[in-house]
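Next up: just one chain, as structure tokens, the form predicted on its own.
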Amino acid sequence: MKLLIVDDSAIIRKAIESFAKDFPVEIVGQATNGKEAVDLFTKLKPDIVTLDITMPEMDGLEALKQMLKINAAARIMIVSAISNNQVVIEALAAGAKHFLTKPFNETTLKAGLQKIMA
């Protein structure tokens, strides 16, 4: 399975990359904003995406919607510091498979990846 990591924080991208190494995934790309994410999603065709919400150029909710128009079967996990119930509901209603709140740790990220890969 191919994984695309999307977050404007290099620290978060590195943590996800490090924690995902125990999974049968190939990290095919990393993006720092929603627009770049949609472009890479189109080009790289990942099976799984970790996606932040608050990013420059295009937010994660808009990127989520565009990605699912391209591939409705994509497994997208939101990883965000925004834990407002309305945002969580909106992301899940738009098609996200899981919502993980920052700060996360290795255990919670791995549990989220396991859930969306099942």
Partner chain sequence: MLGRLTLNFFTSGAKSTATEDRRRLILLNAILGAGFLALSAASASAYFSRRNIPLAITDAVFAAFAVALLVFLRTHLRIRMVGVISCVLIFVLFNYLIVTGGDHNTGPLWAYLFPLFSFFLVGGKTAIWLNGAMFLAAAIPLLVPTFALAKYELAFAGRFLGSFAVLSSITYAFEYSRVDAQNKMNAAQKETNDIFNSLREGLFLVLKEGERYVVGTRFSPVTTGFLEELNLAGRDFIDILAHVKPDIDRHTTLQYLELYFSADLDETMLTELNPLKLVEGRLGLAFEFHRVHKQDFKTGATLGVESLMCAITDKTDELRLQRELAAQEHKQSQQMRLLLEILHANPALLGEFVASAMEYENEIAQALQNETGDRVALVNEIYRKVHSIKGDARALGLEYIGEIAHGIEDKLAALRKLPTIEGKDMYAVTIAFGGLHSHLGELKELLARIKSHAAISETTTQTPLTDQIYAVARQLNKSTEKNVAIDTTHFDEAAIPIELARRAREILTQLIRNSFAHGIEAANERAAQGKSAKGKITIATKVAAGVATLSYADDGRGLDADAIKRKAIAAGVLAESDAALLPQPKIFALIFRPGFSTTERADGDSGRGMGMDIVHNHVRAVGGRIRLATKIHNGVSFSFDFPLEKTTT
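From a predicted model like this one, the values you see are computed outputs, not experimental measurements. Numbering follows the first chain given and starts at 1.
Separately, the form predicted together with its partner chain exists; it is not shown, and the next lines address it.
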property	result
Candidate spot Ile82, Thr101 and Lys115, all three touching its partner chain in the model of the complex (heavy atom, 4.5 Å)	yes
Partner contact for Ile89 in the model of the complex: its partner chain, 4.5 angstroms, heavy atom	yes
Partner contact for Lys97 in the model of the complex: its partner chain, 4.5 angstroms, heavy atom	yes
Contact label in the model of the complex: Ala93 to its partner chain, heavy atom within 4.5 Å	yes
Closer or farther: C-alpha pair Met55/Asn84 in the model of the complex, relative to this form, given a change of 3 Å or more	closer
